[in-house]
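Read the single chain below, which is given as structure tokens and is the form predicted alone.
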Amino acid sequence: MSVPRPLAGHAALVTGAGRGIGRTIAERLAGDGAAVCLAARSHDELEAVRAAIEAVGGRAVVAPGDLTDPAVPGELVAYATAELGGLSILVNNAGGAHRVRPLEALDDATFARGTDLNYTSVFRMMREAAPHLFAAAPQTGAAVLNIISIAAERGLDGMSYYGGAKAAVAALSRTAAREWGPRGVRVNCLGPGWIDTDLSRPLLDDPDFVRQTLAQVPLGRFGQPQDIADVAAFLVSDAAAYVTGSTLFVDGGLFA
């Protein structure tokens, strides 16, 4: 019996695809039939993801680059479309809080870097991808998925610049959904809660943090990257053909 491949015929570009949530999303999209361009700063990590995808019969190409460089989004989109023959899915996953500081001690450089990585890069990626998404929409449909965070809706101490940038992405996405809907391009956000990844491991190794956090999560566990990838695959597929301008928090009920 053949395995359903709901994304067959799609070409996807996933940023931050070298590890954690981004890697798992990329592998899930490839498993669902999409050809995937993997983007991140680390070439070695991307090559490992590419090898894993190809080992199970998928197709992937790698495109290392630092998204805080204004030239890189255009270069990534140009490479992805040339290698994959177009672009119908964009997943903006790259981001992170590189420093924890209270607002009164937040320096301009930290604020600027956090904004460039978490917000400005998303804007640039969407702008560069737009004509290719518009072109693909009549044939395959097209979708943008922006990975934000619970920090967009809930204050996290020391991360004002990060939460602000993620909230800005949500607002950007709602506007793009209105502007691009008539062109056949859907735009949504996915907000992970507390997910068990390498980046969150220092926190998850703290018993006090684990106890206090899980007391607020009705499902009583931390999420896994696969929990995010499963929802991401739904949101970029035809199963979500009437979903745009939305933000779905995958947080175990934290916001309930």
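Please read all numbers here as calculations on a predicted model, not as lab measurements. All residue numbers are counted from 1 along the displayed sequence.
What follows is about the form predicted together with a small molecule, which we do not show.
Student: Select, from the options 181 to 189, 81 to 89, 95 to 103, 168 to 176, the stretch whose residues sit within 4.5 angstroms of the small molecule in the predicted bound form by heavy atom distance.
Tutor: Heavy-atom contact with the partner occurs in 95 to 103.
Student: Can you tell me whether D206 touches the small molecule? I mean in the predicted bound form, with a 4.5 angstroms heavy atom cut-off.
Tutor: D206: no, not in contact with the small molecule in the predicted bound form.
Student: May I ask you to check whether L199 falls inside a 4.5 Å heavy atom distance of the small molecule in the predicted bound form?
Tutor: L199: contacts the small molecule in the predicted bound form.
Student: Find out whether any non-hydrogen atom of T68 is located within 4.5 angstroms of the small molecule in the predicted bound form, and reply yes or no.
Tutor: Contact with the small molecule, yes.
Student: With heavy atoms only and a cut-off of 4.5 Å, decide whether S42 touches the small molecule in the predicted bound form.
Tutor: S42 belongs to the contact set for the small molecule.
Student: So the small molecule isn't shown here. In the predicted bound form, which residue out of L117, A136, A129, V144 has a non-hydrogen atom within 4.5 Å of it?
Tutor: It is L117 that has a heavy atom within 4.5 Å of the partner.
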